[in-house]
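First come two forms of one protein chain, each written alone as C-alpha cells, so that there is a structure 1 and a structure 2.
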Structure 1
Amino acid sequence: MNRPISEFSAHSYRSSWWKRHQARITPWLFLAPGGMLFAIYVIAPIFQSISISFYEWDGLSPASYVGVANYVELMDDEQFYVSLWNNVRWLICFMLAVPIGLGLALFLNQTVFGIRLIKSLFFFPFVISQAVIGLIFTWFYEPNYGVIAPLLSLMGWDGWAILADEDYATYGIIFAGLYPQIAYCMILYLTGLNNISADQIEAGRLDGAKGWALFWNIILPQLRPATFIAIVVTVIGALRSFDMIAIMTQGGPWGSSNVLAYFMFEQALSEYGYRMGYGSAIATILFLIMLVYILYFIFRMYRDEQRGL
C-alpha cells in the first residue's frame, strides 16, 4: 500500500500501524474474554481432573501420588461395573426416544385446527426441569399414594415399589427420563419434516410410492440431519444422566440404579467420604467414553466445513 510521506507524524504512524494490523489483531481481542473464561473453567479442569486421578486426596490435606492405584481399585470395584452396565442400559433404552419422537412428529405433522398449540403442549415436558420431572415420577411410582397405585392393584401387583426394586429401579428412572427426551426428538423431527421439499414428495407420489415405501425411500433420507442431531443429543443425555438419579433413588437401592456420573459424585462429594482421586478416575473413564462421541461429532463437522457447508 502506498502512503503519502506526510503521514509520518508519530500519531498518525501509530494509527496507521493499527489500521494495517487491526484486521489481524481484532479477532484475538474479541476472542480473549470468552476464550479465557472457557479455558479456565472448562478446558483446564479436564486436565486437572485427569491429573488428580493419579492422587489420593480428600480435598483438604496434601494429595499423595499413588500412580494408577485408583484405576486398579476401580477395576475391582463391583459398584463400578454396576454403574457402567446401567450406563449401557440407559444408552440402549434412551435410544427409544429417537423412533418414538419420529413417530410422534409424523402423527402431529398435520394442519388441523389448533395443531400449533397441540405441538407446543407435546413439547412441554422438555421445558420443565429434570429435577421437577424426577420429583413428579417419584410420586407416580409411590406404591401406596402414587398415581400408578390403582393401576398396580388392577394388575395384582399391589405395593410394588418400582424405585425400591433392585431389578427395575433403573428402568423406572429411564422411563421418566424418556418423557422429556421424546419431546426433544419430536421437535427436531417436526422441524426436519417441515423442511422436506414438497417437490420430491410429489414426484415420489407420482411414481406410485406410497406409505411405507415413500417414507423409507424419500422421507427418511431427507430427515438424516434431524436423525443425526437426535442421536447425538440422546447419547449425550443418556451418558450425562445425573439429575433424575440424584432426585429419584440416589443410586439405590444398594447402588443398583447407579450410573458413572452419580457414582463419581457419590465418591467425591457425599457422605461416603471425600475421595477426590477416586472420583476423578471415574470421571476420567466417563470422559474417555464420551470422547469417542465427541470426536466423531467433530469429525463430521470438520467434513462439512471442508465441503463448505
Structure 2
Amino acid sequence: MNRPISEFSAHSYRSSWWKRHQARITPWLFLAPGGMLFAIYVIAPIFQSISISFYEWDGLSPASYVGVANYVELMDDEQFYVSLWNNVRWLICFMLAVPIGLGLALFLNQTVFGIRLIKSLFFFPFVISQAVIGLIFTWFYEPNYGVIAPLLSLMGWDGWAILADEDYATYGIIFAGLYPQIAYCMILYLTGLNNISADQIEAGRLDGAKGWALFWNIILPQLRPATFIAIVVTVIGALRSFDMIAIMTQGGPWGSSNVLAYFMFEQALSEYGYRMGYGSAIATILFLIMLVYILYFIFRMYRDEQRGL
C-alpha cells in the first residue's frame, strides 16, 4: 500500500534535518552518558557540600541552620590559617617537581643500552601507592634506625626526629610527596620530547644554536603543552594533599603539619569532630581556591587555542 505524499515529505524533512545537524549533535550524544554521571557524582555533591556548610550537623541528628556562622568561626580559627599556610608551602615547594622532572627527562632521552630499564626505575615511584611511600619515608626519618639517621649524625643532628619537629615536619612530608610527583612530570616531558620537531632542531644547529641557546629557544617552546599539564597537575596535587599527612603525621605535631584537606577530615569525620557543617565550610574554601586556579588555566588554554599555539 502506497504511503501518502505528506508522510514521505515528513520523513524526508527529518532525514535532511539529521544530515544538516549530525556533525553538531553526534559529539553531544557520546558525551551525554559521561556528562550525566559527572553531574550526579561530582556537580551535585559539590552543591550539596556547600549547602551543608550553612548548617550545624553531626551526621546523625537533625541539621540546624546557622547561616554563615561556620565561616565566621573559620575566619577566627588559628588552625585554619596554619593549614592554609601549609598548603601554600606545599604549592611553592611542589613546583620543584616541574624543573627536576624536565632535567631527568632530558637526561633519560637518550638511545643507549639499558635506558629503558633506567626509565622504568625512575618511573617506578609514580605507580607506588601514596600510602606506601608515606610509610617508607616515615621509616627513613626514624631518628635512631632510619636510613638517613647516620647521615644526620655525621652532620651533628644526632637523634633528630624530623616528623616530630614543628618547624620541619611539613617539609619532610613535602619531600616525600615530591618523590612520585617528579616521576610524573618526567614522564610528561619524555612524551613531549618524543614529539619535538627534528627539523627545527636541525635548523637551529645550522644557524649556530647549541647548548643552552638551543634548549631555551627551540626545545623548551615545543615543550609548552607538557609544561602546562605538569604545572596544572602539580598545583592541584599540592592543594589537595591529604594521604601523605594522614600516613606520616596525622597533622601533628600539635597541628603544625595540617593542610586544609586533612583539617577538613579532622573536623568532619574523625573522632575529634563530627562537625559536618564546619568541615563542609573548610571544603568549600578549598574548592573555591582550586576553582579560581582551574578557571584561570582553562582561560589560558582557550586563549592559546584561539591563537593557534
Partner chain sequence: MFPTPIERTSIVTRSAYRIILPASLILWLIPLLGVMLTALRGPGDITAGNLWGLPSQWMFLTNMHDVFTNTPMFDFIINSFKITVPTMIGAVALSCMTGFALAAYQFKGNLLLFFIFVAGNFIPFQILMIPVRDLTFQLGLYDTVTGLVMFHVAFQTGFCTLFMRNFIRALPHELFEAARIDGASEFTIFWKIVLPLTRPAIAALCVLIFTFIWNDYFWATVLIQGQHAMPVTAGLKSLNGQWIAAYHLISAGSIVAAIPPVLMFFIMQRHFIAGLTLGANKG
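Every residue number counts along structure 1's sequence, beginning with 1. By rigid core we mean the largest C-alpha set that fits within 1.5 Å across both forms. Since this is a predicted model, take the numbers as computed values, not measurements.
Note: the form predicted on its own is the second of the two, structure 2.
With the core held fixed between structure 1 and structure 2, residue 288 has its Cα displaced by under 2 Å. If you overlay the core, the Cα of residue 298 moves by 3.5 Å between structure 1 and structure 2.
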